[in-house]
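In structure tokens, the next block holds one chain alone, the form predicted alone.
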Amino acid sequence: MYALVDCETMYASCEAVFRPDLRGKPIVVLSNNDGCIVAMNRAAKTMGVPKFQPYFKVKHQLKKMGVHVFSSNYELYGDLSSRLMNTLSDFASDMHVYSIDEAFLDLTGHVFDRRKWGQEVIQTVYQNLGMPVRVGIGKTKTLSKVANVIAKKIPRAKGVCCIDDDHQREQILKHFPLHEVWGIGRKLTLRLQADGITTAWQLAQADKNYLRKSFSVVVERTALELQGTQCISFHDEPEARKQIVVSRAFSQPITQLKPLQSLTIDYLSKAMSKLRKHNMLVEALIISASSSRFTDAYASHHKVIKLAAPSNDTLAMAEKVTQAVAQLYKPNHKYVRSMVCLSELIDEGFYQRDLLLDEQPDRSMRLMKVMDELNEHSAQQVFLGSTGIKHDWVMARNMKSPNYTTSWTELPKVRC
């Protein structure tokens, strides 16, 4: 048996952890540069707040409705996610972190009242973190996903649903929307419906050879999982990364070369840090800068940098990127976004050096390691001077909450 524990409206829930005055009140969280609504809590959904709407279009409407609006605070969300996973790890012998707000727990071999166990998980997480979670339990990962949706939608479930009986499984799947089955989605749902499969139960009962030939082996496995046959391993083997991309929109247009170079080098630093974290080397880079798509003067310029030898050296790459940005830059253009894409990645552990190439020296490798160690707990402790000390084009987050758990200067204050 597997359990899927999912945090309810993660971003919005994080905003209320250190603001008990907001619990039960409508909260929405905005995307980068305070662009669109990307998350909201249950109270905001009940009020009919439209998701993915540009903030400027609904700003006055949200104010009239008394909705509390926050910019994305990724530092806070990431830290609380880590604390959530640490809490959940105490409830099972094995755990697979699926996303920032979801984790699968392996209950195989454990004999206990699973519904009571699920309630204990909910109470412990809320006591430790002040965040609501729901628990879905099933014989396979797909069934635990189904159970998690039921735990979310059915109030009498009180946040826990356990599918451990064949009759119960049949009744749930007969009424479960096909597009909500893990791995199906809306486009595949239309194809299945055209062949007469309209419910999760019909998918589970369908001929497996037919599903494989007409759709894919993934759909066949999903059907078997809905029947209670495990086809998806508990720990998915991660696919090798093919690219690492860092792209941001500026808070205001840039027309000068130096600021454009400075921000692009900053994005390069973030991308190279991710590269080293995954123990990889890069052989090619793609740099681009573009103006707004919503103007008649839209233009996008890019430059490809091919390296003589694989590298993870931010310093060496910064020099090449500085030159590339200067080459693609066009005067009088209003740039609103730039991108750094690390391409042709290879695993550092499987790379054999070529004596005839100008390889990255060991001294550079050690320097990058020290740099990452210094920045491990607080980013930008050590950074390239070419990124600039301060600039006015960083991502706009005008309604960001404090970094309560990661900054000494922003610790929550308690008054008695």
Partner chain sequence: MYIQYCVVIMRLERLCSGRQWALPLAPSRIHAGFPSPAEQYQHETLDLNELVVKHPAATFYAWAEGDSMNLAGIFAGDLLVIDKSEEPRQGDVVIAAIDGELACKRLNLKKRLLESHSSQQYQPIACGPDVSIEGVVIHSVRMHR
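All values reported here derive from a predicted model rather than from experimental measurement. Numbering follows the first chain given and starts at 1.
Just so you know, the form predicted in complex with its partner chain exists too; it's not on screen, but the next bit is about it.
The candidate stretches are 205 to 213, 306 to 314, 80 to 88, 260 to 268, and the one lying within 4.5 Å of its partner chain in the predicted complex by heavy atoms is 80 to 88. When its partner chain is considered in the predicted complex, only one residue from L328, L129, A157, I232 comes within 4.5 Å through any heavy atom, namely L129. Though the partner is left out of this view, R23 does reach within 4.5 Å of its partner chain in the predicted complex, counting heavy atoms only. Under a 4.5 angstroms non-hydrogen atom cutoff, its partner chain in the predicted complex has V17 among its neighbouring residues.
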